[in-house]
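Quick setup: one chain, the form predicted alone, written in C-alpha cells, and binding and motion questions come after.
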C-alpha cells in the first residue's frame, strides 16, 4: 500500500532570524550567528517539532550589502557537526559550493558528518550565486564564472562526489583480529574519474554511512538548475510569488524526473515561507510591523542590491519607479532576478517598496496570522501540489520557530498532514528515501589495487 503523502519541514537557521533587522529586535541575540549554544538550541526546538531537517546556508564573500548574519558566522559543515552532537533525530544540511570546492575534500567532509550524526547529513549543492563577482577574488580567480559554466562543472562535481561515497562496499571492513584482516581488498573500488573539469582516482578514505550517502539538496530554478536537480537532487528548495506559479514549477520539474528514470516520491520540492504567528491576526501583524519599523530604507536596499546586480540605489529617491532603475546583467540567481524584475514591471513598484515586497517577513503571502490561518495556508499549498513541504525562514529566532512548533505543528498533526513522531533515525528515513545502491556492487566486480 502506498505511503500517505505528508508535509516535509526544513528549518532555516540563521543567527537571530532571516529578517534583515532581526538583530535589532528587543528579543534577539545579536551574536547568535556565532553562539553555538544558541544555534544548538534552535536545532533542538526544530527537533522537538519533528522537523525533517535543519538547514544552514552559506556565502564565500561579504561586503557592506551583506545580511548582518552573513558577516560573522560559522562554516556550515563545521556547524552541522556541532548540531549533530546536540540532537538525535533531526536531519542536518549544510551548503557547499561546486564552484569553489574540490570534490574529494567535500566528499570526505560530508561523509564524516554523516557518520558522526548517525546518517543525518545532507549536502545543499550550490554553484554560488554572486551578483558582485567578489567571491572569485577570494579564490585566486579574476572573475566569477558565468552561470551555465558553473552548472557544467557542478554536473561533474556531483558525479565525482557520489562516486567517491561508494568507494567502500557496506561489508568491506571486517576487523578480524584473529586473522589479521582489517578489510576485504576486493570490496574497495577506485573511481578513476576522467572528465573535463576533474580527474579523481579515489578511493575515498571513509566508508559509507548507515544511510548510504548524504541527501542531495539543490535550489536552482534556471534551465540548467532544473536539469541538475531532476538528475541528482532529492530535495529542492523554491521561492515563488504565488501558488499558481509554484504549481506550474512543481509540475514542470517533477515531469523531468522520468528522463532520468526516477519516481516522484524520490524527489521533494520545498517552498520557502516566513511565517509569523499570533494569538490573533492583529497580533501577528503587529509582530510583523515591529520588524518592519526597524528597517532603514537605504540600508535594506543595499541588501536588495546584492540580488539585483549590485545596483547603487542611493542614486534614486524612494518614490522612484523601480522600472526606471538601471539593472546590470546579473551573473547570480537568474530565476530569482527574472521573477523580481517581472513583479517590478507588473506592479509598478517604487524603489522604497523593494525590500518589503521581496524580503520582508511573510512578503505578500498568507503565512502571517493565527496558528489556524497559517496551518490552513500550508495545507492549501500542500494539497494543491504547489509544494511537498516548506523551507521555513523564520523572521525572528528563536521566537518564531518556537511559536510555530508550539502552535502550528500540533494543528498539522491533528489533520494527519505531519508526523506525530520520527519513524526512523536517518534523514533518508525521515524523507521516505531509499538507501542508494552502491554503484560498484551493481556492476561486475573489478578489483584494483591502490
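Keep in mind the model is a prediction, meaning the values are calculated, not measured. Numbering follows the first chain given and starts at 1.
This protein has a second form, the form predicted in complex with a further copy of the same chain, left out of what is shown; the following refers to that one.
Query - Contact of residue 349 with a further copy of the same chain in the predicted complex (heavy atom, 4.5 Å) - result: Although a further copy of the same chain is absent here, residue 349 would stay clear of it in the predicted complex, with no heavy atoms inside 4.5 Å.
Query - Partner proximity in the predicted complex: residue 406 to a further copy of the same chain, non-hydrogen atom cutoff 4.5 Å - result: No, residue 406 stays farther than 4.5 Å from a further copy of the same chain in the predicted complex.
Query raised in the report: Is residue 100 close enough to touch a further copy of the same chain in the predicted complex, meaning at least one heavy atom pair within 4.5 Å?
Result: It does: once a further copy of the same chain is placed as it appears in the predicted complex, residue 100 has a heavy atom within 4.5 Å of it.
Requested in this report: Although a further copy of the same chain is absent from this view, report whether residue 289 comes within 4.5 Å of it in the predicted complex, heavy atoms only.
Outcome: Judged by the heavy-atom cut-off of 4.5 Å, residue 289 is well away from a further copy of the same chain in the predicted complex.
Query - Whether 105, 115 and 137 all lie within 4.5 angstroms of a further copy of the same chain in the predicted complex by heavy atom - result: Looking in the predicted complex, the three residues 105, 115 and 137 all sit within 4.5 Å of a further copy of the same chain (heavy atoms).
Query raised in the report: Pick from 144, 268, 73, 89: which has a non-hydrogen atom within 4.5 Å of a further copy of the same chain in the predicted complex?
Result: Checked against the cut-off, the match is 73.
Report task. Only one of 125, 322, 273, 188 comes within 4.5 Å of a further copy of the same chain in the predicted complex by heavy atoms, so just point that one out. Result -> By the 4.5 Å criterion, the partner-contacting residue is 188.
Requested in this report: Look at the stretches 412-420, 61-69, 387-395, 44-52 and give the one with heavy atoms within 4.5 Å of a further copy of the same chain in the predicted complex.
Outcome: This holds for exactly one stretch, 61-69.
Report task. For the heavy atom contacts within 4.5 Å of a further copy of the same chain in the predicted complex, list the residues of 169-184 involved, in sequence order. Result -> Read in sequence order, the residues that approach a further copy of the same chain (within 4.5 Å, in the predicted complex) are 173, 175, 176, 177, 178, 179, 180, 181, 182, 183.
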